[in-house]
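Okay, here we've got a single chain as structure tokens, the form predicted alone, with questions on binding and movement later.
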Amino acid sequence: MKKIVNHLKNSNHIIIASHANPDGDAIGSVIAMGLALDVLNKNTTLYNESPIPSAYSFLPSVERIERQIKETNIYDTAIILDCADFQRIGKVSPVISQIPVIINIDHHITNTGFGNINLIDTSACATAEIIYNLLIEMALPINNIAIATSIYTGILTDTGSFRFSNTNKSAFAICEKMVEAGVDPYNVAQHVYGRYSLGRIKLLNMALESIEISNNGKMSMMTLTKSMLDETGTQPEDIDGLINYAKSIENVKVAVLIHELSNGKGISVKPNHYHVSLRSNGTVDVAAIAGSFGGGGHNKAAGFSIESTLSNIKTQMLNIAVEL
């Protein structure tokens, strides 16, 4: 951590990025890090290639997150947050790889250790927890309500409102300090969980209708196609959290959400791009399953991208289900 502190103090222009299709931890961590470096009068660029989910549009300075990088030779440092693999930042990864120093800050057990400087803490409940500790080490203000709201949101969402098994003592201790700094838990919860568009409700209905259960009852599969999003007028960010309905089914050990990313309408016989999310009840290491497809994540929450047909993906998942 001290190596990162020393390097950042001597950096001039820093880009802070996280994974495509960001969640609350990714967005909150990027904003908190960016706002903290403002105190040191650093030139910073906040980046994510995907649209910011509407649930997080309330976060302070969220409008600073850019979706394109105009010039890359101006950066001397890149901070990559909440990414188990460098490629997760998306199509700009070859460009960012040319930046002289890449700092990798993450809490995923499957992190590949990319970059010049690593700060990987798999015991952390969220990357936002690591950012909090880094700011303490840098003697930067955490009582700033904007930074506090970003850190609080990151921890709240990545612990599933303190319901997930990664919830630790630090999650409560840090969030208590963030509330003391002025964070309103009710307000954050209302933005993150309390408002859904009609389109998202319709998408949820379609997602529930798509659920299939393996013969042994230990795996549930939910499918979301491009045509479903088109019909309901929803965006990829509206998918967030839907897999939990499939995971909550009695006796299910592993829940699978197969999301069509591009090309085609509905079920296609032609290979398409899909993202497959995996959730476990704790008895199955889904990070190992995701890893076998080139993905990663945590023991209980992981995922991977694949180019295949929907029917082939389902067949592969059902073959795995037999072994559960």
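All values derive from a computational prediction rather than experimental measurement. The numbering used is simple: start at 1 and walk along the sequence shown.
One more form of this protein, predicted together with a small molecule, exists but is not displayed; see below.
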Between 276, 52, 37, 284, only one gets a heavy atom within 4.5 angstroms of the small molecule in the model of the complex; which residue is that?
276
Which residue among 224, 84, 174, 130 has a heavy atom within 4.5 angstroms of the small molecule in the model of the complex?
84
Residue contact check: residue 200 to the small molecule in the model of the complex, 4.5 Å heavy atom:
no
Whether residue 313 contacts the small molecule in the model of the complex should be assessed with a 4.5 Å heavy atom distance threshold; does it?
no
I'd like to know if residue 22 sits close to the small molecule in the model of the complex, meaning any non-hydrogen atom pair within 4.5 angstroms.
no
Considering non-hydrogen atoms and a 4.5 Å limit, does the small molecule approach residue 253 in the model of the complex?
no
Contact segment among 38-46, 52-60, 295-303, 65-73, judged by heavy atoms lying within 4.5 Å of the small molecule in the model of the complex
295-303
